[in-house]
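Below you'll find only one chain, the form predicted on its own, shown as structure tokens.
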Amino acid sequence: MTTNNEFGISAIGLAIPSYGLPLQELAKIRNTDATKFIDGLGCEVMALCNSAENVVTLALKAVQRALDNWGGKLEDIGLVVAATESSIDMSRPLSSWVMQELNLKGNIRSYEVKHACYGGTVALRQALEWKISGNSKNKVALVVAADVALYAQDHSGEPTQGAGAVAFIIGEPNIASINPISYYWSESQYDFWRPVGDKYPEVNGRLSLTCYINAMLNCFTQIAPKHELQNYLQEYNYICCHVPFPKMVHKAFAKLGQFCNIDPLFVESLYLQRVYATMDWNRKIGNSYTASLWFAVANALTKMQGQQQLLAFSYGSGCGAEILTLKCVANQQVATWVRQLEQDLTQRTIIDAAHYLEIRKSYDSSL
């Protein structure tokens, strides 16, 4: 479906923290076979913050990069939306730290969105709808999704830890346009939650996988009947998903194929070519919660040509999900924002097991 109100991504900024822990090192600490993490979960390296980094510094770094890559004027920003589930304040929104750093004030709408990992998509959707409504007064929106994912030591979620931020300027679709028609699903569940005052989240892993799969089935079968979904999926060059860990995406996608009676060999081929291929950065970063899907989308855009399309499946515990459709405007393989992240990945400090245990002492005592 097309629309006369074409808006989308004008600029992108990506940021990750300074440390990376290979999962082989975590396996040494936990006295387990590294293949349990690397092959069993599909994870390779988790991104970790140093003592000077947190969700605010990550958000600001991504935002500054998006602004630099955009080249517009600060006075052209009319909306600032931040999405996170790692908020450092229960009242003051993360967007206020962004505005403070940029010295932004005036006729600007600013707030924070919370809905587990789905929050980044909600923020982007609200920015898009604000543009379509005509209430933007020809200004752009600044959207940032930023998180630091930490679990208690020895928790089953520990090997999926990660951190990162993705920032967008939403306005003219210089990089990709976003279709305003989307497909969504929600229900009330306790699959993942963190009560106020608790240091780390609570996770019902089995229920979380069930909810993720159920949300995927309900979203995808809104866009095409079960017997037509195979043909529909082939129209899209990439299918990006929220990535708690890659093997969770793999299991859910296989269940989708089974539910729609699609040949398992076809499903596996489609997964490898159009889903797994988008998770290059996720495997090297870990779960970045609200930013996770959008790292995959950004990665897919580097592989696409103009007019090619992708699907973006967003999921957040609690639970809510939505599928968006994006159309690539121009290939981004050599874009500045791509080089910035690749440089961050290359230049970050790779730490060992002993160093990880030291910084965990600092994390645990400060939370």
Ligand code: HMG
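The first residue of the shown sequence is 1; numbering continues from there. Because the structure is a prediction, the values reported are computed rather than measured.
Beyond what is shown, the protein has a form predicted together with this ligand; the following relates to that form.
Engineer: Within 4.5 angstroms, counting heavy atoms, which one of the listed stretches 261-269, 174-182, 276-284, 209-217 is next to this ligand in the model of the complex?
Structural biologist: In short, 209-217.
Engineer: Look up in the model of the complex whether Val297 has a non-hydrogen atom within 4.5 angstroms of this ligand, and give yes or no.
Structural biologist: Although this ligand is absent here, Val297 would stay clear of it in the model of the complex, with no heavy atoms inside 4.5 Å.
Engineer: Can you tell me whether Phe168 touches this ligand? I mean in the model of the complex, with a 4.5 angstroms heavy atom cut-off.
Structural biologist: The answer is no: Phe168 has no heavy atom within 4.5 Å of this ligand.
Engineer: Going by a heavy atom distance of 4.5 Å, is Lys105 a contact of this ligand in the model of the complex?
Structural biologist: No.
Engineer: In the model of the complex, is there a heavy atom of this ligand that lies within 4.5 Å of any heavy atom of Leu41, even though the partner is absent here?
Structural biologist: Contact with this ligand, yes.
Engineer: Within 4.5 Å of this ligand in the model of the complex: all of Arg125, Gln234 and Thr325, by heavy atom?
Structural biologist: No residue of the spot touches this ligand in the model of the complex.
Engineer: Going by heavy atom distances of 4.5 angstroms or less, which of Pro225, Gly205, Gly71, Gly134 would be at the interface with this ligand in the model of the complex?
Structural biologist: When this ligand is considered in the model of the complex, the option within 4.5 Å is Gly205.
Engineer: Only one of Met248, Leu79, Val113, Leu150 comes within 4.5 Å of this ligand in the model of the complex by heavy atoms, so just point that one out.
Structural biologist: Selected residue: Met248.
Engineer: Using a 4.5 Å cut-off on any heavy atom, which residues of 136-162 would contact this ligand in the model of the complex?
Structural biologist: Tyr151, His155, Ser156, Gly157, Thr160, in sequence order.
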